[in-house]
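Only one chain is given next, in structure tokens, and it is the form predicted on its own.
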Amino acid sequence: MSEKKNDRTPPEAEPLRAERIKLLIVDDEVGYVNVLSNRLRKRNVDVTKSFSGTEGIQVLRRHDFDVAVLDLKMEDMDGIEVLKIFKKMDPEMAVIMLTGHGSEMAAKEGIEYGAFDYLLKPCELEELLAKIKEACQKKIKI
């Protein structure tokens, strides 16, 4: 993905994204995903929702994303398995794992398999948004 710079941006300024961040959310908690996606859209994030690991994989086959937010515990597939598949499909896409309390060890395992980072659920919106932006900045620099 090519990044466009604003011609008026001074060279010392942090690079600006001319495009909205393209985010894939994969989580089987429908209400949580709907609220989260609505709040992120208001903050200039282009959100695609997926309610299972299988659906997330199918969506990633058809579209490109800057970042995925992936729940660790889902009914149909384990988040670590989905992460492994995502990293084979798009090694450059940053993946942020979401996990509940008590599953931090599994989230750390996700880091070993290529996740960008993990956050504990429920996380503050601003904390998640900062992590998404950080992941995009790392991708730009690569």
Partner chain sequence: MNKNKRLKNPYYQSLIRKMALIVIIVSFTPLVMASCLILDYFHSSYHEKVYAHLGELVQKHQQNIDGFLTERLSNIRFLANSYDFEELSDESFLQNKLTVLQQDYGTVFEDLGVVNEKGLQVAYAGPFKLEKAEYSKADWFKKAMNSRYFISDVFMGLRGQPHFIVSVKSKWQGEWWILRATINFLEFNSLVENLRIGKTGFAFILNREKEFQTKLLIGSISDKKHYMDHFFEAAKVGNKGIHIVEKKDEFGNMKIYVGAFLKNNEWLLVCQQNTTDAFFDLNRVRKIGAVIFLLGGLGIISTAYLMSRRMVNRIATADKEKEMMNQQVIETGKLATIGELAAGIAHEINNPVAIMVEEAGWIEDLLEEEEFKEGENLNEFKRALKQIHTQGGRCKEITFKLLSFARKTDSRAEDVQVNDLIEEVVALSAQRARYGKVLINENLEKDLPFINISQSEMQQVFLNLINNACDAMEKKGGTIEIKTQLAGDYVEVEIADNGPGIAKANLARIFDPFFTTKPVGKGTGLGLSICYGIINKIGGKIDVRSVLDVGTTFRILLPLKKEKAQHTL
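Remember, predicted model here, so these are calculated numbers, not experimental data. Numbering follows the first chain given and starts at 1.
One more form of this protein should be noted, the form predicted in complex with its partner chain, which is absent from this view; the next part is about it.
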Residue-level contact is defined here as any heavy atom of the residue lying within 4.5 Å of its partner chain in the predicted bound form; does residue 100 satisfy this criterion? yes
Residue 63: touches its partner chain in the predicted bound form, heavy atom cutoff 4.5 angstroms: no
Answer for residue 121 alone: is it within 4.5 Å of its partner chain in the predicted bound form, judged on heavy atom distances? yes
Is residue 92 one of the residues lying within 4.5 Å of its partner chain in the predicted bound form, judged by heavy atom distances? no
Whether 74, 81 and 84 all lie within 4.5 angstroms of its partner chain in the predicted bound form by heavy atom: no
Please determine, with the chain shown alone, which of 32 to 40, 45 to 53, 84 to 92, 109 to 117 has non-hydrogen atoms within 4.5 Å of its partner chain in the predicted bound form. 32 to 40
